[in-house]
Every structure is written in structure tokens, then in C-alpha cells.
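First structure 1, then structure 2: two forms of the same chain, each alone, as C-alpha cells.
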Structure 1
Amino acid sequence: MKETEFGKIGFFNENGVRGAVIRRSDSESINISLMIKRGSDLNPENKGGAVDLFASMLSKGTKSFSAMDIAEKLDYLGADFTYKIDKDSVIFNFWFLKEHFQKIFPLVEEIFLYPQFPEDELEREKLKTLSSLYQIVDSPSALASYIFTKNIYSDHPYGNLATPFSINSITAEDIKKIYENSFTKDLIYLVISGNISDKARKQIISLFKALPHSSETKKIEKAEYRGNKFIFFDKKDSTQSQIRLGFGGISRRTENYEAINLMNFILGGGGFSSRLLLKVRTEAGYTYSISSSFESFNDGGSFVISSFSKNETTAETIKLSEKVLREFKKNGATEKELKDAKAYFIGNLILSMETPSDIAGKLMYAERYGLGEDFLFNSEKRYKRVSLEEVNKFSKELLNKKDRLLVIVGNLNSMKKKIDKLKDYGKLLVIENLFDSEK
């Protein structure tokens, strides 16, 4: 095992079960993180949200325990079972005190290896999901982001989002098939962290040795956005507009990704020091907040500028944002901006790895995107060696996309006189109901 400031870290591959162990002798707890290295592509066609339901259902009944039994046992032992999902992975986390290992272990085994996905529990989870979906319309920010994601990825699995229609069509058989296709030796990656003994480590790993190898091969095309699209969600009671302006991005597997992070920090990810905030908020006064980000996954990604403004100044906010992009692409960053960006990222590296759970997340991230086992240990070096030439090279390459997606959520009537200013973004498509177009 490697001695680090985060504890002793070692990697294993035992009978096809791969992962890492983070030993912390000063910890009183153990955390088992299990990552499935697939995400959106596990959703059946036109059944967005199925993976989310699968994750929520894993602890809703097993061969020996009901959903109530599981909840009561977790509560009694002070343990915690959670999950999170992104476009490329599903991660389950089991946290408990070291002293309760033998009591909690049968539950760990049942949840991971013998879930039953009972129909009545599935119906409850579907109702919760439907309620959350309808709440999106009440949040202009969430609404704008949903419409942007749906359209930037279009027919790609990344764009296969949950809708009321898709949720209602999902069956227990769909959930079981996702489990069968994902719980395989090829796709799981384990990170065991905390005060863990060799005996307990072997006991946990042994659970998964009988898992099959994956039988499903699925080739996913790269997500690419083409064309110009201008979508306006007419929220008639709105006094301001939510804005999402962007284009196709890059895969996380792109080399020198640290240079891209630094470039975006200078452009729009760096809070009050960013170019977009300086020009659009501080100097022009069009908005209180504006930011930019690259969303990068295995099969592509997107770039988006997110902001809001009064309906009357929405068009000006968009046009000025584009001007900042053009100027940044043309002139690039400065040495001082790059120095400040590096100081921010390097300073936050330690803060982002304070707990074993944080470190587990970094290790799984590296595994998910093939970044290598040394990714965790060399982050500072990678940021330090980025040159200004690299940053400005990426700004010219990545901000040069002509195809644009513009999404506005606001009051169309109050903007009618200025809509012509945005005609370069394509034919205006006005929608008033988020789920009108679903089949």
C-alpha cells in the first residue's frame, strides 16, 4: 500500500473484482463505495429515468428484508445507504461504524446481491419521481437547464431524460434488466475506506467474486450537437429570464484537461474574477450572476453559459456574453489570470480530499474516465505545468463552435421588440408546456 497524506492507499484485482482500499487507522467508520461504470446508456430507449428508479429501488426490498426492515436496521445501527447518478456512472455508498461491521454485513450482501424490486415499492418511487418532474416547471433555473440538456444531447443517451410518459412506462422488468446488465465484474469498481481490517476487506470483496462478466456490448456514438436552435419557454408570470447559451463540448478523456479547467475558470468559472462576470455584471449591470462551464463525459459533452436577467435586458445579456467569448478567443488569457487560476485550483485540491469519502470519489472518477491510478497523487503537478500557450490554444479551439443552442425561460410578450436581435440563433421555437411534445 502507498503511504499518503490521505492514509494508506492500495489497489486490488481479485478474481476479476477491481478496486481500491483507503486505510485510516484514526477513523471509527467504514465506507463501501460501489461504482457501476455505466449511466445514461442503461436507460431503455424512451424510458429516461429508469436508472434513477433502479438506484432508488436497490434498498427497497431484498430476498430476506422488506424496505421497512432495511430502513429500521439502518436507523438502529446509525448506518447510511445513499446513491448518486451521473451520465456515466451510478455510485452506491454504504457508511457505518466499524464496531457494527458484522451486524451490517448481511444487509450489505442482501442489498447488493439479492434485490427484489417489488412492484408496490416501484409505484411509490415512480410517484415521487413524477412529483419532482412537475416541480421543475416551478423553478425557472431548473427548467432552463432541463431544456438545454434535453436538446444539446438530443437523441444521444445523455439526452434521454425522465418525463411523465417515460416514468409511467417503466416496469419492474426494466429495473431487473438494468440490474442484470450492470452488476457484473467488468462494470463494478469498489472503494473500501476507513478503519478496515484485512479480514473485513476480504469479506467485502468476496461478495462480488461470483458476479458474472458482462454479456451486453453496447457501442455508444459520440454526442455531437449541430445546427442552431432557439427555444423560448413562455412563462407569462416571469419578470426575468433564465438564459442557457451553449454548444457541443468535449470528452473528459481529452488530454490536458487541467488546461481546460483553468481556461474556463478565467472565462466564467472563477466567480468575481471571471471575464463574464466582470463584463456582464460589474460593468454592464445586466445580471447579478453569470458563469460558464464545460460538462464533459465519456462520449462527449457541452459548454454552457448560465445567467439570468430582466426580461427587458435579456437580449443585451446574450449579445454581450457572445462578445466576451469572441474577445477571449481572440486575445486569450493573461499570465496573471493563469497564475490566479492555478492558485485557486491547487489551493482547493487538499480541501476537496478531507475525508476518506472524498478520496474514494476521486479514485472512482479516475477509474470512470481511464485517468490512471496515479491521478489522485499528481493533480498538483498537472496544474502547475499548464502553460499560457496551452490555455489560449484551447480557448481558440473550444470556443470556436458556430452551432449554438439558446434556451430562454421568461415572458415572451415583454421581449417581443427585441427578439429580432437573436435571430442568428435560428428559428424561434416557443413552448408553454414542458412535456407537451412527448409521445
Structure 2
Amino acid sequence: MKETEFGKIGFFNENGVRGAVIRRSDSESINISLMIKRGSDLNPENKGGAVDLFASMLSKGTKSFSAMDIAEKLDYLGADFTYKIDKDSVIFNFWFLKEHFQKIFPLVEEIFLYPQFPEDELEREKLKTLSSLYQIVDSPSALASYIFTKNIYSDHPYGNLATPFSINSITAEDIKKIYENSFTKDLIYLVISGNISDKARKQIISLFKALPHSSETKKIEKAEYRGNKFIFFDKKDSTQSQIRLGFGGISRRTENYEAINLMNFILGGGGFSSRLLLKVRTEAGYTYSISSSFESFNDGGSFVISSFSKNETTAETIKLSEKVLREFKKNGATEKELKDAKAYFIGNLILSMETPSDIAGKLMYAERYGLGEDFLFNSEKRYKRVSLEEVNKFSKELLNKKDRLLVIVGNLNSMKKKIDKLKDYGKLLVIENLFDSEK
């Protein structure tokens, strides 16, 4: 194990089970994280949401414990079992106080190795998922992001989102199949962090030594976005519009990705230091928040500017954002901006590794995108070596997309006079009901 200023860090490969350990003697807790290195593409075709149901069902009944037994045992110890799903991974996490290891261990074993996916529990989870989908409509921000994601990735697995139709069609067999395909030695990555003994570490790893290898290989399809689309979700009560403006992006496996992070920080990712915030919020007062981001995954990604503004200045917010984008693409960043952005990322590296679970998150990220085990330790060097030319080359290449997707969630009637200003985004498609168009 390597002694670092964040604790002792080591990697293991025992009987084909891979992962890492972060050990810190001052920590009062332990995290056991298990990452499956596949995400949205595990959803069967037209069954968006199946992966979400699989993740939520894992703790809803095992060989020896009912869903309520598990909840009772975890709650009694003040422990958590949570999960997080993204386009390329599903991460399960146990958090508990270090003195409870022996009591938590049987739950780890049961949940990861012997889930039963009972029908009655599945029906419960499906109802909750259905209701959650309708809840999206009640949050303008979540609604705008849902429509944007669905349309920017359209037929790619990344765009295979849950709908009431897809949720209703998912069966216990679908969920079992996802479990069988994903709990394999090739796809799991285990990170154990906190105040953990070597004996306990071995006990956890040995749970997985009998897992099979994957029999199915992932099909790689590149996510690409083409054409202009302008989608307006009409919420008649709204006094403010949510805006998502974007285009196709790039894979996280792109070389020299740090240059892209730096470029986006200057453009719109850097909060008060970003050009978008300076122009659209500080100077114009059109919004409380505006940011840009590259969402980059294994098979591609997207670029999006997210903001909101009162209906009367929504068109102006979009126009001004485009102007900032144009100028940035044309003239690029300055030496000073790059110097400050680098200082931010380098200085912030250490702050973002405060707890063993922070480090665990970074190690899983590195594993997911093939960034190598030394990713944690060479980040500073990678940021330092980025040149202004590289940043500006990326800005010219990546921001030069003519095919745009514009999503607005707002009150169409109050914006009617200004809709013409947005005609460059193509024919206006108005939606009033999110799930109307599904089969």
C-alpha cells in the first residue's frame, strides 16, 4: 500500500476480483462501494428504467432477509445502502460506523450475492418509479434536463430513459438478467475505504471470488447528434423559462481531456470566474444561474448550457449565451484565464480528496474511463502541461457545431412575440404532455 497524505492507498486483484483500498486510521466509518462498469446500455431495448429498478431491487429481498428486514437492520445501526446510476456505471455503496462491520457484513453478502427480486416488491418499486416520472413534470429544471437528454442521445442507449410505457413493460426476468449480466468479475470494481482492517478487507473480497466472467460483451455505439431541434414544453403557469441549449460532445476517453475541463471552466463551468456568468448574470442580470458543461461518457457525450430566465428575457438570455460562445470560439481564452483556471483545478485537487469516500469516487471514475491507477497522483502534472494552443484548438473544434438542440420549459403564450428571434433553431415543436408521444 502506498502511504499518501490522504491515507494508505492500495490496489488489488485477488482471484480476478479487482479494486482498491483506502485506509485511514482516524476515520470513524467504513464505505464499501461496488461499481458495475456498465450503465444505460444494460437497459433492454425500449425498457428504459430497467437498470434503475434493478438497482433499487437489489436490497428488496434476499435469500434470508425480506426487504423490511434489511431496512430494519440498516436503520438500527444508522447505516446506509445507496446507489447511483449514470450512463456508464451503477455504483452501490454501504456506509456504516466502523464498529458495526460484523453486523453489516451478512447484509453485504446477501444483497450482493443473493438478491431474489420478488414480484410484489417489484410492483412497489414500479409504482414509485412511475410516480417519480410524473414528478419530473412538476420540476421545470428536471423536466428540461429530461427532454434534453432524451433528444440529444435519441436512439443511443444513453437516451433510453424511463417512461410510463417502458416501466410497465419491465418484468422480474428483465431485472434478473441485468443482475446476471452485470455481477461478473469483469464488470465489478470494489473500493473499500475508511477505517478497515486487513482481515475485514479480505473477508469482503472473498465474497466475490466465485462470480463468473462476463459472457456478453458490450456493443459500442458512438453517440452522435444531428440536425436542429427546438422543443418547447408549454407550462402555462410559468413566469420563468428553463433553458437547455447544446449539441453533441465527445467521449471521456479523449486524449488531453484536462484541456477540455480548463476550456469549459473559462467558458461556463467556473462559476463566478466564467464568461457566461459574467455576461449573462453579473452584467445583464438575466439569470441567477448559468453554466456550461461537457457531459462526457465512454461512447460520446454532449455539451450543454443550462440556465433560466423570466419569460420576457428568455430569448435575450439565449442570444447573449450564443454571442459569448461565438466570441470564445473565435478568439479563444487568454493566458490569464488559463493560468487562473489551472490554479483552480490544481489547488482544488487536494480539497476534493478530503475523505476516504471522496478518494473512492475518484478511483472508480478513473477505472470507468480507463484513466489508470496513477490518475489520482498525476492529475496536477496533467493540468500543468496544458497549453493555451491546446485549449483554443479544442474550443474551435468542439464549440463549432451547427446542429443545435434548444429546449425551453416555460410559458409559450408570454413568449410568442419573441419566438421568431429563435427561428435559427429549426421548426418549433411544442409539447404539453411529456408522455403523450410514447407508444
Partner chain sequence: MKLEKFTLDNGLEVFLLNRRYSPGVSIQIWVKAGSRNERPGITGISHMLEHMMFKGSKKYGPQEHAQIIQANGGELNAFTSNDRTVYFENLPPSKLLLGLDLESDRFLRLALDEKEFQTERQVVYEERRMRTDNSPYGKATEMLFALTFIAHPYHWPVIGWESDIISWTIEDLKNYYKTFYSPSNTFILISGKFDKEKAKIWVEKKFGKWKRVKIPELRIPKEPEQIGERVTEIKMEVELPFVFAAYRVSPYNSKESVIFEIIEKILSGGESSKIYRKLVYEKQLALSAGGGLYSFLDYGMFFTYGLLNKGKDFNSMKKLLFDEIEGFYQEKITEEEFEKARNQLKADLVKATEKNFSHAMVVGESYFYTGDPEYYKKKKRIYEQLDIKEIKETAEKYLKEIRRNSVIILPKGAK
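Structure 1 provides the reference sequence; residues are numbered from 1 along it. Bear in mind the structure is a predicted one, so any value in this text is a computation, not a measurement. Just so we're on the same page, rigid core means the largest C-alpha set that superposes within 1.5 Å between forms.
Undergrad: Between the two structures, is it 1 or 2 that corresponds to the form predicted together with its partner chain?
TA: Note: form predicted together with its partner chain is structure 2; the other is not.
Undergrad: Is D237 one of the residues whose Cα moves 2 Å or more between structure 1 and structure 2, with the core superposed?
TA: Comparing the forms between structure 1 and structure 2, which are aligned on their rigid core, D237 does not shift its C-alpha by 2 Å or more.
Undergrad: Answer yes if the CA of R201 moves 2 Å or more between structure 1 and structure 2 after aligning the rigid core, and no otherwise.
TA: After core superposition, the displacement of the R201 C-alpha between structure 1 and structure 2 reaches the 2 Å mark, so yes.
Undergrad: Using the rigid core as the reference frame, would you say F96 shifts its C-alpha by 2 Å or more between structure 1 and structure 2?
TA: After core superposition, the displacement of the F96 C-alpha between structure 1 and structure 2 reaches the 2 Å mark, so yes.
Undergrad: Quick one: CA shift at S29 between structure 1 and structure 2, core fit, Å?
TA: Its C-alpha position differs by 3.4 Å.
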